[in-house]
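Next up is one chain by itself, shown in C-alpha cells, the form predicted alone.
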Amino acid sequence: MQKIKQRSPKQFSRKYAHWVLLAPSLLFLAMVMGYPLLRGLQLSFTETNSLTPTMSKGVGFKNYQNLFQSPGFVASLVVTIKYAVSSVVGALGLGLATALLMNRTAKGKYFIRAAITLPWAAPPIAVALIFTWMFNPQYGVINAGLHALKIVPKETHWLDSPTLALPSLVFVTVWMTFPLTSLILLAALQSVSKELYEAAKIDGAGTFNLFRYVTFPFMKPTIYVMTLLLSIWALRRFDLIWVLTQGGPVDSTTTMVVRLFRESFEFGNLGYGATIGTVGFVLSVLCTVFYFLAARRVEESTR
C-alpha cells in the first residue's frame, strides 16, 4: 500500500501565506468598495427618496425598464460615449506625439518633463475655473486670440453653445490628461533597445517603418493600459464637467455621471440614480474585459 503523504505545517503555511498577507488589503477593499457596490445594486431595485431613505419600496426591474426607455438616458449615454472616445483618442494622440518629441530632445529634457506635468498636477476644480474665465466670450483669452487670427467671430460662446460646449469640454480634458499619458509612453519608448533600431536601419527601414515595426509593437501593452485608464476616468469624470457646464446647455454635455447626480441629489430619486450608477459600473467592467482580451491577443501574437 502506498503511504499517504501528509503535509507538514511548514508546507501548509507556505501555501496559504500569501492569502494571509493579502487578507488585510482584501478586507479593506471589501469594506470600501465591495459594500458600496452591493448596496448600490440593491438600491437600484427599489424606489427610494432622499427625503425618506429608510422607507424604500422594492420595485424589481422597474427602474431598469424606465431607464432604457428614457430618451434622456439614451442621450446621456451617447454624450458619454462621445466624450470618452474623443478625450481618450485626443490624450493618446497628443501624448504619443509629445513623447516622441521628448524622446528626441536632449537639452533641457528634465525641465521639459517637469513643466509638462503641471496640467496633470493641477486640481480639476482649479483647471475648470481657469478655463471658465479663458472661454469667456467677452474677455476670455482664447476667444480674443482666435478672433485676432480671424478663426472665430467676436464673442463666440464656447460653453453656452450646444454645438461647441462638448468640444470645449473635450479640449480641457485632453489638456489635463495628456501629460501623464506622454510621460508613461515616454518610459515605454526608452525601454526599446537601441540595437533593434540600428539593425532596422541597416536593413533600410525609414522613419515610418521604424515606428511601425520596432517602436509601436513594444508600446502596444502600455497603450492598451493607458486606453483602459483613460476610458474609466472619462466614464466617471464629474467635477470638471459640472464646474464648466453643469451638463448644459440643453443637456449637450450631460454625461451619465451628471445625470446620476441630478437624479439622486436634485430630484431625490436615489433608487433611479443607483440604477444609472450600476449601468455605468457595467460599462467600466466591459472596458476592462475588452482590455484583457486585447492584451491577451497581443501576448499571443508576440510569442
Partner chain sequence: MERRSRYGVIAASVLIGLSSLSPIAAEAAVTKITYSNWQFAEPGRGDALRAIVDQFNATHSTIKVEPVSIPYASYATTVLTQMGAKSGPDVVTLDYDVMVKAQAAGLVADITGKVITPTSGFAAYDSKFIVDGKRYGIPWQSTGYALICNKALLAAAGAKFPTTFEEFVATVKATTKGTDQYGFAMRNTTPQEGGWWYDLSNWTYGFGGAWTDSKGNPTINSAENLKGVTEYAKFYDAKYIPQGADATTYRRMTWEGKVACNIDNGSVPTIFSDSNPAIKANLQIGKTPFPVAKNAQILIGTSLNAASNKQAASVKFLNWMLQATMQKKIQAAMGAEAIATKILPPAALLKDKPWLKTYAKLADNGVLVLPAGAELKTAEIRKAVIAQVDKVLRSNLSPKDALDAAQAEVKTILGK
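Positions refer to the first chain, counted from 1. Bear in mind the structure is a predicted one, so any value in this text is a computation, not a measurement.
Quick note: we don't show the form predicted together with the partner chain, though the next part is all about it.
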Within 4.5 Å of the partner chain in the predicted bound form, all of Trp133, Gln138 and His157 (non-hydrogen atom): yes
Partner proximity in the predicted bound form: Thr52 to the partner chain, non-hydrogen atom cutoff 4.5 Å: yes
Does Gln42 reach the partner chain in the predicted bound form if we count a contact as any heavy atom within 4.5 Å? no
Is Tyr64 close enough to touch the partner chain in the predicted bound form, meaning at least one heavy atom pair within 4.5 Å? no
Do Arg237 and the partner chain come within 4.5 Å of each other in the predicted bound form, heavy atoms counted? no
Tell me which of 157 to 165, 70 to 78, 188 to 196, 223 to 231 has residues with heavy atoms within 4.5 angstroms of the partner chain in the predicted bound form? 157 to 165
Just give me the residues of 202 to 223, first to last, that have a heavy atom within 4.5 Å of the partner chain in the predicted bound form. none
